[in-house]
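Quick setup: one chain, the form predicted on its own, written in structure tokens, and binding and motion questions come after.
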């Protein structure tokens, strides 16, 4: 990597930070009920939806009612999307005449898109009708991201409020997330992407004759509208199987830039929304700094690893320099790695290169990004939720060191908050490791492998790290479209999603009942660099202690074998 390569990344991150600050301020106004420049446009629709569904926006909920509403809404979404896939053969907008999706694939897909994972064990253009893509998958891209936003807003209210039993209204938060944040941004991004050549049509696939005289079927469809929200909502489910590596999803370096920017934008803005809602700007900057430090650490390692290239190919005299295997020539190494780091750091799952072809150390970083709970910016809403939970754990450890009851953002942290935090941090890790062990120990699990040895283990670990942490990307060297993987990864997605959100809402309900603790000299400050360092250290240490054995037997061992010329 040269200075010439570094300058675009630095400029990209600077522009991202500026945009995140502005969007964070806007979202603060939206979720505190203040009037914005979109109120005149979206306000009437918001009021109409409340009347249509009988919602009183002044009627607030306890954390249990809020959670129940969220769970029921998601359960209904799973049922609707599952039935939609089973009946797509008799529904309109199906020019390819696709039949019903196999039941286990349909169930996995329904759970995947409702949980904001968007793990795809199928080829989109070869499986789903336009109707399923638009009415089922794209709609869930909006709703699942909105659920994540609602969850983090409710958690923030837990810190703001005192001596009350309510944390807001789920239906109001959901509606505002869609109308004021996700939908306007998606419209802008879809128009820009379509203007740059991303396909947007309801026409059937095109049949053309190649120079060799053979027929080739070129799939098209309503792509730009889905790509916009898949990136902005950190969903990641592509219209095409090749995702953002497909020239119809990302034809130019500009569209690649727009897609990476989109997937980072809202997660990066949420810390600033936190600071605005708390009226503590420095607190928002502290969380943003911690996320950015972790992001840059991973980006540095992956760029270095890919720049070294393959020692095996160099010894054979076939290739010298950076590793271009599995990457699009129009993007190159730097932009491919920026995309890969961003997509695994934000729970997006979209890809513009083949992660299975990355060097082992790059694969290790991507695995680690997901395994720690997708808190490096993370998914829309749930990324900040995860980082706040890590911060609660950090403050508990700090309290032990100074011999005081831990306090965070004006609230005392007691055993209940710690229990919920531990559940949220460890549940996805446990389900990831248990299911990966099951896959390794059974014939059904091993049947999907294309590689033996440590790389095969990395493929399995990646699959369950991706699904248990609601990321959705894949190494793509594993055939996961089997009943075994469809059912086990579906289980991982459900556990990963709801064991993060439900404990967070429980914490919000507990904190909202408490009084605000007056600031004193004995309280550990959470807005300075020491807090950022401690928070980053806790995230890394917890991740290392939890996953070190698995990562050692997978990507680390493969790295050592590659150095001596052995592959699998």
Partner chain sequence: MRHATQALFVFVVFSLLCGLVFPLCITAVSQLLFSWRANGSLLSSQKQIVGSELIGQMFKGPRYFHGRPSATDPAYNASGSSGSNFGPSNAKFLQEIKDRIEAVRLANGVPFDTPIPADLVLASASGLDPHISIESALLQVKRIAKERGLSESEVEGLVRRCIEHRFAGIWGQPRVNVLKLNLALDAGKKN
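Residue numbers count along the first chain shown, from 1. This structure is a prediction, so every number in the text was calculated from the model and none was measured.
Keep in mind that the form predicted in complex with the partner chain is not shown, yet the notes after this line are about it.
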- TL;DR on 368 to 376, 385 to 393, 195 to 203, 153 to 161: the one with heavy atoms within 4.5 Å of the partner chain in the predicted bound form is 195 to 203
- Counting only non-hydrogen atoms and a 4.5 angstroms cut-off, does residue 525 reach the partner chain in the predicted bound form? no
- Task: Although the partner chain is absent from this view, report whether residue 407 comes within 4.5 Å of it in the predicted bound form, heavy atoms only.
- Result: no
- Message: With a cut-off of 4.5 Å between heavy atoms, is residue 285 one of the residues that contacts the partner chain in the predicted bound form?
- Response: no
- Task: Classify residue 477 as contacting or not contacting the partner chain in the predicted bound form by the rule of any non-hydrogen atom within 4.5 angstroms, answering yes or no.
- Result: yes
- Item | One residue of 90, 401, 441, 218 in contact with the partner chain, assessed in the predicted bound form (non-hydrogen atom, 4.5 angstroms) | 218
- Message: Counting any non-hydrogen atom inside 4.5 Å, which residue from 490, 420, 433, 143 sits next to the partner chain in the predicted bound form?
- Response: 143
- Message: Suppose contact means any heavy atom within 4.5 Å; which members of 228 to 249 contact the partner chain in the predicted bound form?
- Response: 240, 241, 242, 245, 246, 247, 248
